[in-house]
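Below: one protein chain in two forms, given as C-alpha coordinates, structure 1 then structure 2.
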Structure 1
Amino acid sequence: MGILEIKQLYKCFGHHKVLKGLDMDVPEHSIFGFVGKNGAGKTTTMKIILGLLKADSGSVTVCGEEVRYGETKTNRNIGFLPDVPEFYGYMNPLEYLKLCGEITGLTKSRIKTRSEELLELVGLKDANKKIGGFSRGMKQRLGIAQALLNEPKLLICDEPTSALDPIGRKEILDILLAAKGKTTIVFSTHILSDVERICDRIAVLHDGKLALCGTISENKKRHRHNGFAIEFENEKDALLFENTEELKHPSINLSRDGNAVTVLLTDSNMDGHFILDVLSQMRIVPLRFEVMEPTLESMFMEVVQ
(Lines of atoms letter the chains of each structure in order from A and count residues from 1; the text may use other names and numbers.)
(Lines give C-alpha, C1' and ligand atoms only; values in the text may rest on other atoms or scores of the structure.)
Protein backbone atom coordinates (compact mmCIF):
# COMPACT_ATOMS: atom_id res chain seq x y z
CA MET A 1 0.00 0.00 0.00
CA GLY A 2 1.30 3.46 -0.94
CA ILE A 3 1.47 6.29 1.56
CA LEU A 4 -0.95 8.16 -0.74
CA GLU A 5 -3.58 6.30 -2.78
CA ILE A 6 -6.08 7.88 -5.14
CA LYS A 7 -8.79 5.77 -6.75
CA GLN A 8 -11.23 6.78 -9.48
CA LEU A 9 -11.24 10.46 -8.55
CA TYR A 10 -13.72 12.68 -10.43
CA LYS A 11 -14.15 16.44 -10.17
CA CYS A 12 -16.12 18.87 -12.30
CA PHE A 13 -16.48 22.63 -12.12
CA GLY A 14 -19.78 23.29 -13.81
CA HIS A 15 -19.57 21.60 -17.19
CA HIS A 16 -15.78 21.50 -17.10
CA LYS A 17 -14.51 18.02 -16.19
CA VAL A 18 -11.11 18.37 -14.53
CA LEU A 19 -10.52 14.88 -13.12
CA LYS A 20 -11.98 11.89 -14.95
CA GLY A 21 -11.22 8.80 -12.91
CA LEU A 22 -7.74 9.61 -11.63
CA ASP A 23 -5.81 6.67 -10.12
CA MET A 24 -2.47 7.32 -8.40
CA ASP A 25 -0.30 5.45 -5.91
CA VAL A 26 2.68 7.14 -4.21
CA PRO A 27 5.21 4.75 -2.57
CA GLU A 28 6.80 5.64 0.76
CA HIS A 29 10.12 7.55 0.77
CA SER A 30 9.91 8.45 -2.90
CA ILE A 31 10.06 11.84 -4.57
CA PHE A 32 7.02 11.66 -6.82
CA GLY A 33 6.93 14.10 -9.73
CA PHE A 34 3.34 15.16 -10.43
CA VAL A 35 3.47 16.78 -13.87
CA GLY A 36 0.97 18.31 -16.24
CA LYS A 37 0.28 21.32 -18.37
CA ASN A 38 -1.08 24.43 -16.65
CA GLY A 39 -4.75 23.80 -15.92
CA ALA A 40 -4.39 20.01 -16.04
CA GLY A 41 -5.79 19.62 -12.52
CA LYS A 42 -2.69 19.26 -10.34
CA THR A 43 -3.72 21.91 -7.81
CA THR A 44 -7.31 20.58 -7.78
CA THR A 45 -5.95 17.13 -6.91
CA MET A 46 -3.79 18.52 -4.10
CA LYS A 47 -6.70 20.46 -2.60
CA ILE A 48 -8.75 17.25 -2.55
CA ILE A 49 -5.87 15.39 -0.86
CA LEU A 50 -5.78 18.13 1.80
CA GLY A 51 -9.55 17.93 2.36
CA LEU A 52 -10.00 21.50 1.14
CA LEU A 53 -12.06 20.60 -1.91
CA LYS A 54 -14.83 18.03 -2.27
CA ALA A 55 -14.46 15.38 -4.95
CA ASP A 56 -17.53 14.38 -6.96
CA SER A 57 -16.62 10.73 -6.47
CA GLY A 58 -13.68 8.45 -5.77
CA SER A 59 -11.44 8.05 -2.74
CA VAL A 60 -8.16 9.37 -1.34
CA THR A 61 -6.26 7.70 1.49
CA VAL A 62 -3.20 9.00 3.34
CA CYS A 63 -1.29 6.46 5.46
CA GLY A 64 -4.24 4.08 5.06
CA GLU A 65 -6.79 6.61 6.39
CA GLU A 66 -9.46 8.03 4.09
CA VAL A 67 -9.47 11.78 3.46
CA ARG A 68 -12.83 13.43 4.14
CA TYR A 69 -13.75 16.88 2.88
CA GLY A 70 -13.74 19.40 5.71
CA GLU A 71 -12.36 16.86 8.18
CA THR A 72 -8.61 17.32 8.29
CA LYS A 73 -7.56 14.43 10.55
CA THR A 74 -5.35 13.03 7.78
CA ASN A 75 -3.52 16.36 7.60
CA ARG A 76 -1.63 15.51 10.77
CA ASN A 77 0.48 13.32 8.44
CA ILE A 78 0.85 15.97 5.72
CA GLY A 79 3.12 18.97 5.27
CA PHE A 80 2.11 21.42 2.53
CA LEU A 81 4.10 24.03 0.65
CA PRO A 82 1.86 26.19 -1.59
CA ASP A 83 3.28 27.87 -4.68
CA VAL A 84 3.22 31.27 -2.91
CA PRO A 85 3.58 30.71 0.86
CA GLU A 86 2.37 33.52 3.11
CA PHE A 87 4.02 34.65 6.34
CA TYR A 88 3.80 37.32 9.02
CA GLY A 89 6.39 39.70 7.67
CA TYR A 90 7.14 41.30 11.05
CA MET A 91 8.44 37.99 12.47
CA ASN A 92 11.87 36.42 12.03
CA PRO A 93 12.14 32.71 11.04
CA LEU A 94 12.50 31.39 14.60
CA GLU A 95 9.50 33.38 15.81
CA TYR A 96 7.38 32.13 12.92
CA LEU A 97 8.31 28.47 13.44
CA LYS A 98 7.66 28.87 17.19
CA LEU A 99 4.14 30.09 16.41
CA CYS A 100 3.54 27.21 13.97
CA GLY A 101 4.81 24.69 16.52
CA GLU A 102 2.52 26.04 19.23
CA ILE A 103 -0.48 25.81 16.89
CA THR A 104 0.29 22.17 16.13
CA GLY A 105 0.78 21.32 19.79
CA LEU A 106 4.51 20.66 19.93
CA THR A 107 6.31 21.08 23.23
CA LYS A 108 8.58 24.08 23.73
CA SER A 109 11.72 21.93 23.75
CA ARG A 110 10.63 20.11 20.59
CA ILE A 111 9.83 23.39 18.82
CA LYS A 112 13.31 24.72 19.66
CA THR A 113 15.08 21.53 18.50
CA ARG A 114 13.08 21.14 15.29
CA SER A 115 13.32 24.83 14.39
CA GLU A 116 17.10 24.81 14.71
CA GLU A 117 17.40 21.56 12.70
CA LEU A 118 15.14 22.78 9.93
CA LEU A 119 16.58 26.27 9.62
CA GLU A 120 19.99 24.65 9.21
CA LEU A 121 18.56 22.24 6.61
CA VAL A 122 17.09 25.08 4.53
CA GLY A 123 20.10 27.40 4.92
CA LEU A 124 18.39 30.02 7.12
CA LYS A 125 20.14 29.29 10.43
CA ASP A 126 21.75 32.72 10.55
CA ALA A 127 18.91 34.67 8.90
CA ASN A 128 17.70 36.77 11.82
CA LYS A 129 16.07 39.57 9.85
CA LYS A 130 12.32 39.98 9.45
CA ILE A 131 10.59 37.69 6.94
CA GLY A 132 9.18 40.76 5.17
CA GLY A 133 12.68 41.43 3.85
CA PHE A 134 13.20 37.91 2.50
CA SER A 135 13.66 37.13 -1.18
CA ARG A 136 11.24 34.75 -2.93
CA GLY A 137 13.76 31.92 -2.64
CA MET A 138 14.27 32.51 1.09
CA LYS A 139 10.50 32.44 1.62
CA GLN A 140 10.24 29.15 -0.26
CA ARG A 141 12.98 27.68 1.93
CA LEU A 142 11.23 28.87 5.09
CA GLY A 143 8.01 27.39 3.71
CA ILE A 144 9.70 23.99 3.46
CA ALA A 145 10.93 24.31 7.06
CA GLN A 146 7.40 25.12 8.22
CA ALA A 147 5.92 22.22 6.22
CA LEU A 148 8.42 19.78 7.79
CA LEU A 149 8.08 21.10 11.35
CA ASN A 150 5.65 18.43 12.52
CA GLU A 151 7.65 15.60 10.90
CA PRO A 152 4.97 14.76 8.31
CA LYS A 153 4.96 11.41 6.55
CA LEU A 154 3.91 13.14 3.31
CA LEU A 155 5.17 16.49 2.01
CA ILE A 156 3.20 18.08 -0.84
CA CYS A 157 4.91 20.86 -2.79
CA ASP A 158 2.89 22.89 -5.30
CA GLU A 159 5.17 24.43 -7.95
CA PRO A 160 7.94 25.25 -5.40
CA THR A 161 10.52 26.29 -8.03
CA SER A 162 8.36 27.93 -10.70
CA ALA A 163 9.25 31.58 -9.98
CA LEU A 164 12.86 31.11 -8.89
CA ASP A 165 16.12 31.80 -10.70
CA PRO A 166 18.46 28.83 -11.43
CA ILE A 167 20.36 29.25 -8.14
CA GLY A 168 17.13 29.42 -6.13
CA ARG A 169 15.74 26.37 -7.93
CA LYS A 170 18.90 24.38 -7.19
CA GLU A 171 18.69 25.30 -3.50
CA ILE A 172 15.08 24.08 -3.24
CA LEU A 173 15.81 20.85 -5.13
CA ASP A 174 18.81 20.12 -2.91
CA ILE A 175 16.65 20.62 0.20
CA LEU A 176 13.98 18.26 -1.11
CA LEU A 177 16.62 15.62 -1.83
CA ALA A 178 17.97 16.00 1.69
CA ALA A 179 14.45 15.62 3.15
CA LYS A 180 13.69 12.46 1.17
CA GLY A 181 15.09 10.08 3.78
CA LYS A 182 12.56 11.20 6.39
CA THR A 183 9.42 11.80 4.37
CA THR A 184 7.64 11.08 1.07
CA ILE A 185 7.42 14.02 -1.33
CA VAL A 186 4.83 14.81 -3.98
CA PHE A 187 6.48 17.41 -6.18
CA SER A 188 3.98 19.16 -8.46
CA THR A 189 5.59 21.13 -11.26
CA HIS A 190 5.70 21.82 -14.98
CA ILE A 191 9.51 22.18 -15.03
CA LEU A 192 10.54 18.82 -16.45
CA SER A 193 14.27 19.26 -15.85
CA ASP A 194 13.58 19.60 -12.10
CA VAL A 195 11.63 16.33 -12.14
CA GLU A 196 14.36 14.51 -14.04
CA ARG A 197 16.94 15.72 -11.55
CA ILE A 198 15.36 14.65 -8.24
CA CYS A 199 12.33 12.40 -8.77
CA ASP A 200 12.22 8.61 -8.49
CA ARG A 201 8.81 8.32 -10.07
CA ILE A 202 6.64 10.42 -12.33
CA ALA A 203 2.94 10.81 -13.06
CA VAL A 204 1.79 12.91 -16.01
CA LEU A 205 -1.76 14.23 -15.63
CA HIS A 206 -3.55 14.78 -18.94
CA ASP A 207 -7.24 14.97 -19.81
CA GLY A 208 -8.22 14.14 -16.24
CA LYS A 209 -6.23 10.91 -15.96
CA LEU A 210 -2.63 9.74 -15.75
CA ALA A 211 -1.16 9.51 -19.22
CA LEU A 212 2.18 8.28 -17.90
CA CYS A 213 3.14 6.75 -14.55
CA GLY A 214 6.02 4.80 -13.01
CA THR A 215 9.74 5.21 -12.50
CA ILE A 216 11.55 7.44 -14.95
CA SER A 217 13.85 4.58 -16.01
CA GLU A 218 10.88 2.26 -16.66
CA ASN A 219 9.18 4.87 -18.79
CA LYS A 220 12.34 5.59 -20.76
CA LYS A 221 12.58 1.89 -21.63
CA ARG A 222 8.91 1.77 -22.55
CA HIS A 223 9.11 4.82 -24.82
CA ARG A 224 12.49 4.08 -26.31
CA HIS A 225 12.61 4.01 -30.10
CA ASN A 226 15.39 2.48 -32.17
CA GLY A 227 17.31 5.71 -32.39
CA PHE A 228 21.09 5.98 -32.66
CA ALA A 229 23.54 8.87 -32.60
CA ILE A 230 26.72 8.19 -34.59
CA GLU A 231 29.75 10.48 -34.70
CA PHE A 232 32.42 10.00 -37.37
CA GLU A 233 36.02 11.12 -37.50
CA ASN A 234 35.30 13.45 -40.41
CA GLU A 235 32.46 14.70 -42.57
CA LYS A 236 33.57 12.55 -45.51
CA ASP A 237 32.84 9.34 -43.58
CA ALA A 238 29.51 10.76 -42.43
CA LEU A 239 28.52 11.53 -46.04
CA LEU A 240 29.52 8.04 -47.20
CA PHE A 241 27.43 6.48 -44.44
CA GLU A 242 24.47 8.78 -45.11
CA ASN A 243 24.41 7.86 -48.81
CA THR A 244 25.06 4.12 -48.64
CA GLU A 245 22.47 2.03 -50.52
CA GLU A 246 21.75 -0.28 -47.55
CA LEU A 247 20.27 2.68 -45.65
CA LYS A 248 17.94 3.83 -48.44
CA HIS A 249 14.89 2.18 -46.93
CA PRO A 250 11.45 3.64 -46.02
CA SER A 251 11.86 2.38 -42.44
CA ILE A 252 15.14 4.26 -41.93
CA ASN A 253 15.25 7.98 -41.25
CA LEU A 254 18.63 9.72 -41.38
CA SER A 255 19.70 13.24 -40.52
CA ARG A 256 23.23 14.57 -40.66
CA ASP A 257 24.87 17.54 -38.96
CA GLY A 258 28.50 17.82 -40.02
CA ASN A 259 30.25 14.60 -39.01
CA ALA A 260 27.33 13.40 -36.82
CA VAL A 261 24.45 11.29 -38.10
CA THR A 262 21.19 10.45 -36.31
CA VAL A 263 19.45 7.23 -37.36
CA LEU A 264 15.85 6.34 -36.50
CA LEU A 265 14.64 2.82 -37.31
CA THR A 266 10.85 2.53 -37.51
CA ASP A 267 10.85 -1.18 -38.39
CA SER A 268 10.78 -3.28 -35.20
CA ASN A 269 12.78 -6.00 -37.00
CA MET A 270 15.73 -3.63 -37.34
CA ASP A 271 18.03 -2.77 -34.46
CA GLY A 272 21.54 -1.54 -33.71
CA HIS A 273 23.10 -4.74 -35.08
CA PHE A 274 21.86 -3.78 -38.53
CA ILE A 275 23.60 -0.39 -38.32
CA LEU A 276 26.81 -1.96 -37.01
CA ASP A 277 26.78 -4.47 -39.90
CA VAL A 278 26.53 -1.60 -42.38
CA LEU A 279 29.47 0.17 -40.73
CA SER A 280 31.48 -3.06 -40.76
CA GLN A 281 30.86 -3.62 -44.47
CA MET A 282 31.96 -0.05 -45.17
CA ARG A 283 35.03 -0.59 -42.97
CA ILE A 284 34.28 2.62 -41.06
CA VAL A 285 34.86 2.83 -37.31
CA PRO A 286 32.83 5.67 -35.75
CA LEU A 287 34.14 7.79 -32.91
CA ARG A 288 30.84 7.35 -31.07
CA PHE A 289 27.88 4.99 -31.41
CA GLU A 290 25.15 5.73 -28.89
CA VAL A 291 21.64 4.42 -28.34
CA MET A 292 19.43 7.50 -27.97
CA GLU A 293 17.45 7.57 -24.72
CA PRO A 294 14.10 9.37 -24.79
CA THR A 295 14.09 12.54 -22.69
CA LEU A 296 11.41 13.34 -20.16
CA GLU A 297 10.37 16.21 -22.43
CA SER A 298 9.95 13.91 -25.45
CA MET A 299 7.90 11.43 -23.38
CA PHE A 300 5.75 14.25 -22.00
CA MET A 301 5.07 15.64 -25.48
CA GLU A 302 4.29 12.16 -26.78
CA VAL A 303 1.55 11.50 -24.22
CA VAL A 304 -0.08 14.95 -24.02
CA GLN A 305 -0.36 15.75 -27.72
Structure 2
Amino acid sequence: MGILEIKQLYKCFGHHKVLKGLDMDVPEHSIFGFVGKNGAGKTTTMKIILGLLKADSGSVTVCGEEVRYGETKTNRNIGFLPDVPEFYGYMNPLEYLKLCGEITGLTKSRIKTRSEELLELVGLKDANKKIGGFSRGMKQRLGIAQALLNEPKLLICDEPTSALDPIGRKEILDILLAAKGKTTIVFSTHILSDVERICDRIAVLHDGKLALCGTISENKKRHRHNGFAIEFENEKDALLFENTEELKHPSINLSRDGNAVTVLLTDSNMDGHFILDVLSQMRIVPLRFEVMEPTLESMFMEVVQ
Protein backbone atom coordinates (compact mmCIF):
# COMPACT_ATOMS: atom_id res chain seq x y z
CA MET A 1 0.00 0.00 0.00
CA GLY A 2 1.27 3.42 -0.91
CA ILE A 3 1.81 6.12 1.65
CA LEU A 4 -0.04 8.55 -0.56
CA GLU A 5 -2.83 7.48 -2.86
CA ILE A 6 -4.74 9.78 -5.15
CA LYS A 7 -7.76 8.50 -7.03
CA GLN A 8 -9.67 10.23 -9.81
CA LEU A 9 -8.96 13.73 -8.60
CA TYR A 10 -10.80 16.56 -10.36
CA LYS A 11 -10.39 20.26 -9.76
CA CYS A 12 -11.33 23.32 -11.74
CA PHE A 13 -10.91 27.03 -11.12
CA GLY A 14 -13.85 28.70 -12.80
CA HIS A 15 -13.90 27.29 -16.31
CA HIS A 16 -10.29 26.24 -16.23
CA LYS A 17 -10.02 22.55 -15.55
CA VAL A 18 -6.71 21.93 -13.83
CA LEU A 19 -6.98 18.30 -12.76
CA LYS A 20 -8.96 15.85 -14.86
CA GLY A 21 -8.96 12.52 -13.12
CA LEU A 22 -5.51 12.35 -11.59
CA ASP A 23 -4.41 8.96 -10.25
CA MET A 24 -1.19 8.69 -8.34
CA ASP A 25 0.36 6.20 -5.97
CA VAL A 26 3.46 6.96 -3.96
CA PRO A 27 5.11 3.91 -2.34
CA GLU A 28 6.92 4.21 0.97
CA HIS A 29 10.56 5.29 1.14
CA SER A 30 10.78 6.62 -2.36
CA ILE A 31 11.80 10.01 -3.61
CA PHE A 32 9.06 10.91 -5.98
CA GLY A 33 9.75 13.55 -8.61
CA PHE A 34 6.55 15.32 -9.57
CA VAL A 35 7.15 17.07 -12.84
CA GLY A 36 4.99 19.25 -15.02
CA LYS A 37 4.91 22.50 -16.94
CA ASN A 38 4.21 25.75 -15.14
CA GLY A 39 0.50 25.83 -14.37
CA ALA A 40 0.09 22.09 -14.90
CA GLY A 41 -1.46 21.77 -11.44
CA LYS A 42 1.42 20.57 -9.27
CA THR A 43 0.86 23.10 -6.51
CA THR A 44 -2.90 22.58 -6.71
CA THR A 45 -2.45 18.83 -6.23
CA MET A 46 -0.19 19.43 -3.24
CA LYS A 47 -2.60 21.86 -1.65
CA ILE A 48 -5.40 19.34 -2.03
CA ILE A 49 -3.25 16.69 -0.35
CA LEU A 50 -2.74 19.12 2.53
CA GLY A 51 -6.45 19.88 2.81
CA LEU A 52 -5.91 23.53 1.92
CA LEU A 53 -7.93 23.36 -1.29
CA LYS A 54 -11.18 21.56 -1.94
CA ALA A 55 -11.20 18.98 -4.70
CA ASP A 56 -14.27 18.85 -6.95
CA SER A 57 -14.27 15.07 -6.76
CA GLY A 58 -11.94 12.17 -6.13
CA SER A 59 -10.13 11.00 -3.04
CA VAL A 60 -6.73 11.45 -1.43
CA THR A 61 -5.43 9.04 1.20
CA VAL A 62 -2.38 9.68 3.35
CA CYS A 63 -1.10 6.69 5.36
CA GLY A 64 -4.42 4.96 4.85
CA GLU A 65 -6.42 7.89 6.15
CA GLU A 66 -8.61 9.98 3.88
CA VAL A 67 -7.86 13.70 3.62
CA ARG A 68 -10.84 15.89 4.50
CA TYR A 69 -10.83 19.45 3.25
CA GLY A 70 -10.54 22.13 5.93
CA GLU A 71 -9.40 19.64 8.53
CA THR A 72 -5.80 19.05 9.44
CA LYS A 73 -5.82 15.60 10.99
CA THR A 74 -3.94 13.84 8.20
CA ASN A 75 -1.36 16.60 8.21
CA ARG A 76 0.25 15.19 11.35
CA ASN A 77 1.93 12.66 9.03
CA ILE A 78 3.02 15.28 6.54
CA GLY A 79 5.81 17.79 6.44
CA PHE A 80 5.31 20.53 3.88
CA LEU A 81 7.77 22.88 2.29
CA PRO A 82 5.99 25.58 0.25
CA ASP A 83 7.59 26.95 -2.91
CA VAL A 84 8.39 30.27 -1.26
CA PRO A 85 8.32 29.55 2.46
CA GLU A 86 7.42 32.56 4.57
CA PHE A 87 7.95 32.77 8.29
CA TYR A 88 7.35 35.33 10.97
CA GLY A 89 10.15 37.79 10.34
CA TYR A 90 10.37 38.86 13.97
CA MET A 91 11.35 35.40 15.20
CA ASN A 92 14.70 33.67 15.05
CA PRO A 93 14.95 30.09 13.72
CA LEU A 94 14.88 28.47 17.16
CA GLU A 95 11.81 30.44 18.20
CA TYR A 96 10.05 29.46 15.01
CA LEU A 97 10.86 25.77 15.36
CA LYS A 98 9.67 25.96 18.97
CA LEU A 99 6.33 27.36 17.79
CA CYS A 100 6.00 24.60 15.19
CA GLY A 101 6.92 21.96 17.72
CA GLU A 102 4.40 23.22 20.23
CA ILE A 103 1.67 23.14 17.60
CA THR A 104 2.42 19.54 16.69
CA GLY A 105 2.54 18.68 20.38
CA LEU A 106 6.16 17.65 20.83
CA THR A 107 7.56 17.78 24.33
CA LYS A 108 9.85 20.64 25.36
CA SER A 109 12.98 18.54 25.49
CA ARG A 110 12.15 16.86 22.19
CA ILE A 111 11.68 20.22 20.51
CA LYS A 112 15.04 21.36 21.78
CA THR A 113 16.98 18.32 20.60
CA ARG A 114 15.14 18.11 17.26
CA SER A 115 15.63 21.83 16.57
CA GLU A 116 19.34 21.63 17.21
CA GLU A 117 19.69 18.49 15.10
CA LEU A 118 17.77 19.96 12.20
CA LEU A 119 19.46 23.36 12.26
CA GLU A 120 22.72 21.50 12.15
CA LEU A 121 21.49 19.38 9.23
CA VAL A 122 20.36 22.36 7.17
CA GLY A 123 23.37 24.44 8.10
CA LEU A 124 21.63 27.18 10.04
CA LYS A 125 23.20 26.37 13.38
CA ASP A 126 24.96 29.69 13.74
CA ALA A 127 22.23 31.84 12.23
CA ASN A 128 20.89 33.48 15.34
CA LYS A 129 19.44 36.52 13.69
CA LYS A 130 15.82 37.28 12.94
CA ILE A 131 14.24 35.40 10.02
CA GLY A 132 13.35 38.80 8.52
CA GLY A 133 16.98 39.18 7.50
CA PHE A 134 17.28 35.76 5.89
CA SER A 135 18.11 35.20 2.23
CA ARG A 136 15.91 33.04 0.07
CA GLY A 137 18.22 30.07 0.37
CA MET A 138 18.31 30.35 4.15
CA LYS A 139 14.52 30.49 4.27
CA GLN A 140 14.39 27.40 2.07
CA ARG A 141 16.66 25.56 4.50
CA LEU A 142 14.63 26.64 7.49
CA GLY A 143 11.61 25.47 5.50
CA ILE A 144 13.09 21.99 5.29
CA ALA A 145 13.95 22.06 8.99
CA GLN A 146 10.38 22.94 9.98
CA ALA A 147 8.97 20.36 7.58
CA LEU A 148 11.10 17.59 9.10
CA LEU A 149 10.53 18.67 12.71
CA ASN A 150 7.82 16.17 13.60
CA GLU A 151 9.51 13.33 11.71
CA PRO A 152 6.78 13.10 9.09
CA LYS A 153 6.13 9.94 7.14
CA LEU A 154 5.59 12.02 4.03
CA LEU A 155 7.55 15.11 3.07
CA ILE A 156 6.03 17.29 0.39
CA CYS A 157 8.25 19.90 -1.22
CA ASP A 158 6.87 22.37 -3.72
CA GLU A 159 9.67 23.37 -6.09
CA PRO A 160 12.29 23.55 -3.38
CA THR A 161 15.13 24.39 -5.73
CA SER A 162 13.60 26.62 -8.36
CA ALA A 163 14.70 29.93 -6.91
CA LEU A 164 18.15 29.01 -5.72
CA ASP A 165 21.65 29.45 -7.07
CA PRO A 166 23.55 26.31 -8.17
CA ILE A 167 25.30 25.84 -4.82
CA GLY A 168 22.10 26.38 -2.86
CA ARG A 169 20.36 23.90 -5.12
CA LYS A 170 22.96 21.26 -4.62
CA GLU A 171 22.83 21.71 -0.86
CA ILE A 172 19.05 21.44 -0.71
CA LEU A 173 19.13 18.31 -2.86
CA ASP A 174 21.77 16.81 -0.58
CA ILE A 175 19.63 17.53 2.47
CA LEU A 176 16.65 15.85 0.80
CA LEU A 177 18.77 12.89 -0.15
CA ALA A 178 19.94 12.63 3.45
CA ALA A 179 16.34 12.58 4.63
CA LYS A 180 15.45 9.76 2.25
CA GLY A 181 15.99 6.87 4.64
CA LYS A 182 13.58 8.28 7.21
CA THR A 183 10.75 9.55 5.12
CA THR A 184 9.01 9.42 1.77
CA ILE A 185 9.54 12.52 -0.30
CA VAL A 186 7.26 13.95 -2.97
CA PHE A 187 8.97 16.81 -4.65
CA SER A 188 7.67 18.92 -7.46
CA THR A 189 9.96 20.66 -9.85
CA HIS A 190 10.49 21.55 -13.44
CA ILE A 191 14.22 21.09 -13.28
CA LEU A 192 14.70 17.64 -14.75
CA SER A 193 18.33 17.34 -13.76
CA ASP A 194 17.25 17.56 -10.11
CA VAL A 195 14.90 14.65 -10.65
CA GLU A 196 17.65 12.71 -12.35
CA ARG A 197 19.97 13.35 -9.42
CA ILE A 198 17.88 12.33 -6.45
CA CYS A 199 14.57 10.77 -7.46
CA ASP A 200 13.92 7.10 -7.96
CA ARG A 201 10.43 7.63 -9.26
CA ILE A 202 8.96 10.16 -11.60
CA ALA A 203 5.47 11.30 -12.44
CA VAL A 204 4.74 13.76 -15.20
CA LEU A 205 1.58 15.77 -14.85
CA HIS A 206 0.16 16.90 -18.14
CA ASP A 207 -3.30 18.03 -19.11
CA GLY A 208 -4.71 17.20 -15.68
CA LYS A 209 -3.52 13.61 -15.64
CA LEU A 210 -0.32 11.67 -15.16
CA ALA A 211 1.24 11.28 -18.55
CA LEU A 212 4.10 9.22 -17.19
CA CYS A 213 4.59 7.37 -13.93
CA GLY A 214 6.95 4.81 -12.44
CA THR A 215 10.60 4.33 -11.63
CA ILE A 216 13.06 6.23 -13.73
CA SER A 217 14.89 3.16 -15.04
CA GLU A 218 11.61 1.49 -15.97
CA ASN A 219 10.51 4.51 -17.90
CA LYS A 220 13.81 4.84 -19.63
CA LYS A 221 13.52 1.26 -20.78
CA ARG A 222 10.00 1.79 -21.99
CA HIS A 223 10.87 4.95 -23.84
CA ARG A 224 14.05 3.67 -25.38
CA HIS A 225 13.67 4.20 -29.07
CA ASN A 226 15.81 2.46 -31.49
CA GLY A 227 17.80 5.62 -31.85
CA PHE A 228 21.40 5.62 -33.04
CA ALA A 229 23.94 8.33 -33.43
CA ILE A 230 26.52 7.57 -36.10
CA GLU A 231 29.51 9.74 -36.78
CA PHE A 232 31.45 9.40 -40.02
CA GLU A 233 34.96 10.28 -40.95
CA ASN A 234 33.90 12.80 -43.55
CA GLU A 235 30.79 14.40 -44.96
CA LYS A 236 30.96 12.31 -48.13
CA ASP A 237 30.41 9.06 -46.24
CA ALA A 238 27.64 10.66 -44.23
CA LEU A 239 25.89 11.81 -47.38
CA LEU A 240 26.35 8.43 -48.97
CA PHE A 241 24.83 6.73 -45.93
CA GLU A 242 21.96 9.17 -45.74
CA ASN A 243 20.95 8.52 -49.32
CA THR A 244 21.13 4.72 -49.26
CA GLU A 245 18.13 3.12 -50.95
CA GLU A 246 17.67 0.59 -48.13
CA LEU A 247 17.12 3.34 -45.60
CA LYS A 248 14.39 5.04 -47.61
CA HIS A 249 11.55 3.60 -45.63
CA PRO A 250 8.69 5.37 -43.80
CA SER A 251 9.58 3.77 -40.46
CA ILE A 252 13.14 5.06 -40.59
CA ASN A 253 13.87 8.60 -39.60
CA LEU A 254 17.15 10.11 -40.70
CA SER A 255 18.69 13.45 -39.89
CA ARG A 256 22.17 14.62 -40.75
CA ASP A 257 24.27 17.31 -39.17
CA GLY A 258 27.65 17.60 -40.84
CA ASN A 259 29.48 14.32 -40.34
CA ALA A 260 26.90 12.92 -37.93
CA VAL A 261 23.69 11.11 -38.77
CA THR A 262 20.94 10.29 -36.32
CA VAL A 263 18.77 7.29 -37.14
CA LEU A 264 15.46 6.64 -35.44
CA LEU A 265 13.82 3.27 -36.04
CA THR A 266 10.14 3.31 -35.18
CA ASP A 267 9.49 -0.21 -36.44
CA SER A 268 10.04 -2.58 -33.52
CA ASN A 269 11.14 -5.38 -35.89
CA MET A 270 14.23 -3.44 -36.83
CA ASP A 271 17.16 -2.91 -34.56
CA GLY A 272 20.83 -1.96 -34.59
CA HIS A 273 21.84 -5.05 -36.57
CA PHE A 274 19.99 -3.71 -39.55
CA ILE A 275 22.01 -0.53 -39.59
CA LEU A 276 25.25 -2.39 -38.99
CA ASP A 277 24.38 -4.60 -41.95
CA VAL A 278 23.77 -1.58 -44.13
CA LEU A 279 27.09 -0.08 -43.05
CA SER A 280 29.01 -3.27 -43.75
CA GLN A 281 27.40 -3.65 -47.16
CA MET A 282 28.50 -0.11 -47.98
CA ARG A 283 31.93 -0.94 -46.59
CA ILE A 284 31.96 2.13 -44.36
CA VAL A 285 33.45 2.02 -40.89
CA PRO A 286 31.98 4.85 -38.84
CA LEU A 287 34.06 6.77 -36.33
CA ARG A 288 31.42 6.33 -33.69
CA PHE A 289 28.31 4.21 -33.37
CA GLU A 290 26.13 4.90 -30.35
CA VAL A 291 22.80 3.64 -29.06
CA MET A 292 20.95 6.67 -27.78
CA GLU A 293 19.63 6.53 -24.18
CA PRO A 294 16.44 8.47 -23.71
CA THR A 295 16.99 11.46 -21.46
CA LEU A 296 14.36 12.63 -19.03
CA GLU A 297 14.09 15.70 -21.17
CA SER A 298 13.27 13.75 -24.31
CA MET A 299 10.78 11.62 -22.35
CA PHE A 300 9.19 14.73 -20.90
CA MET A 301 8.96 16.43 -24.27
CA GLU A 302 7.46 13.32 -25.78
CA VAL A 303 4.66 12.88 -23.25
CA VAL A 304 3.91 16.58 -22.98
CA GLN A 305 3.55 17.20 -26.69
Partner chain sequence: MRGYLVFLKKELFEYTKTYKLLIMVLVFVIFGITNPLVAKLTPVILKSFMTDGIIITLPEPTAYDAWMQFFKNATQMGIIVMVILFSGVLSSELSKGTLINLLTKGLSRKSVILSKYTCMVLVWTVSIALCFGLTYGYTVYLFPKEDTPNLLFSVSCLWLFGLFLLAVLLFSAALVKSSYGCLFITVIVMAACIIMNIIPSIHRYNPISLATDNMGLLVGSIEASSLYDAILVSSLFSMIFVSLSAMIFQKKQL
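Treat the numbers as computed from the prediction; the structure is a model and nothing was measured. Definition used throughout: the rigid core is the maximal C-alpha set that superposes within 1.5 Å between two forms. Residue 1 is the first residue of structure 1, and the numbers go on in sequence order from there.
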property	result
Of the two forms shown alone, the one predicted together with its partner chain	2
Did residue 262 shift 2 Å or more between structures 1 and 2, C-alpha, core superposed	yes
Residue 57 C-alpha relocation of at least 2 Å between structures 1 and 2, rigid core basis	no
Residue 284 C-alpha moves between structures 1 and 2 by 2 Å or more, core aligned	yes
Value in Å for the CA shift of residue 274 between structures 1 and 2, taken after the core is superposed	3.6
Cα shift between structures 1 and 2 at residue 243, which is computed once both forms share a superposed rigid core (Å)	8.0
